[in-house]
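First, one chain by itself in structure tokens, the form predicted alone.
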């Protein structure tokens, strides 16, 4: 295998991503209650301490700076900011301003996610995202945060992975509130789309009132590369295409075209969505094989390929080529810049993590070489953290966390990624060192 230097465009941004509930500790929200239900978290753990990032964020950002990161994506915990409806916690707002300042002072650009799965208990008790008023309720919280942080050079993410929240919480019952109802999932997806539009409007209005230039705003979607289990079966092909359309495209198409598209809505215009997407935040981890002979909605899936490496705990297959196809599909449909906001693998085999990052970045460079406008790449994640229903059973961090002592230890993959950032790309030597015969 002959490798070549793969250099990325000038100004390409490199960094990592994380979320509040998974790292901070001390949160009290719908997930806090969910974690108390036996069997909901596979290893029986909870996020009460997580990584103690709430108290150790400066230590973590010192590591990010040392490792060369240029941008860091994190989320704000809504339940801290608005512990009861319409009541604001000034101390917590100030805390997140200090978090932003800590990044800026270290030369790391903040990318702030306003909603990353978790909700205040009062919001949950009022119906959560099934409540028709939920988009407007969310917009009030957004306004409060943006007023506090508008002076900083922030990239804003409104909603993280809306279809993950809708499907796992309301269709497959794996996330709170644990429903298994297709219509409820569609309602939640629609309200999250409306919430994105209203959030973007609040951000723009706040900046305009202060005489500030409009910031970059985007939702973050999770995309899976759906493949027919039998490529020669027209019904398998049709199912893969249908799931690609509904899961990967319908929501983001609505955001870009300012509509509530079928099946999420009735196709009507929704004015707050106009100019609400400056780029597509894109998360990718794996592919998914689907078969028309199995009941997808019941969770029935074809057997996985035993020859492909897997993500620890979640059992996702390592399939880098799917990254290229997803990126190209997004670009060819929408011609909107893309920021790769999450990509990584849970594993204690750090050489697998190195291979995963390199082979996926090869596919990213392939897309860029064909004209796709990609602005940056974020590894999920900076540190090991609480991986939702898998608890601490999947290790995604460039930096290992000892959850007994909370000691932080950069892995070799962190040093490899630093080398990538320093070179703004993958040198032939780096690829040969980590991939060798296991290259493209």
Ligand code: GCO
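Just so you know, these numbers come straight off a predicted model, no measurement behind them. Residue numbers count along the first chain shown, from 1.
Keep in mind the form predicted in complex with the named molecule is missing from the figure; the text below concerns it.
Student: What stretch, of 259-267, 85-93, 157-165, 183-191, brings heavy atoms to within 4.5 Å of the named molecule in the predicted complex?
Tutor: Stretch 157-165 is the one.
Student: Taking the shortest heavy atom distance, is residue 23 within 4.5 Å of the named molecule in the predicted complex?
Tutor: The answer is no: residue 23 has no heavy atom within 4.5 Å of the named molecule.
Student: Indicate whether the named molecule has at least one heavy atom within 4.5 Å of a heavy atom of residue 362 in the predicted complex.
Tutor: No, residue 362 stays farther than 4.5 Å from the named molecule in the predicted complex.
Student: May I ask you to check whether residue 116 falls inside a 4.5 Å heavy atom distance of the named molecule in the predicted complex?
Tutor: Because a heavy atom of residue 116 falls inside 4.5 Å of the named molecule in the predicted complex, the answer is yes.
Student: Is residue 134 close enough to touch the named molecule in the predicted complex, meaning at least one heavy atom pair within 4.5 Å?
Tutor: No, residue 134 is distant from the partner.
Student: Can you confirm whether 283, 316 and 380, the three residues that make up this candidate site, all sit within 4.5 Å of the named molecule in the predicted complex, judged by heavy atoms?
Tutor: Affirmative, all three are within 4.5 Å.
Student: Under the 4.5 Å heavy atom criterion, name the residues of 360-397 that approach the named molecule in the predicted complex, in sequence order.
Tutor: Going through 360-397 in order - heavy atoms within 4.5 Å of the named molecule in the predicted complex - the hits are 380, 387, 388, 396.
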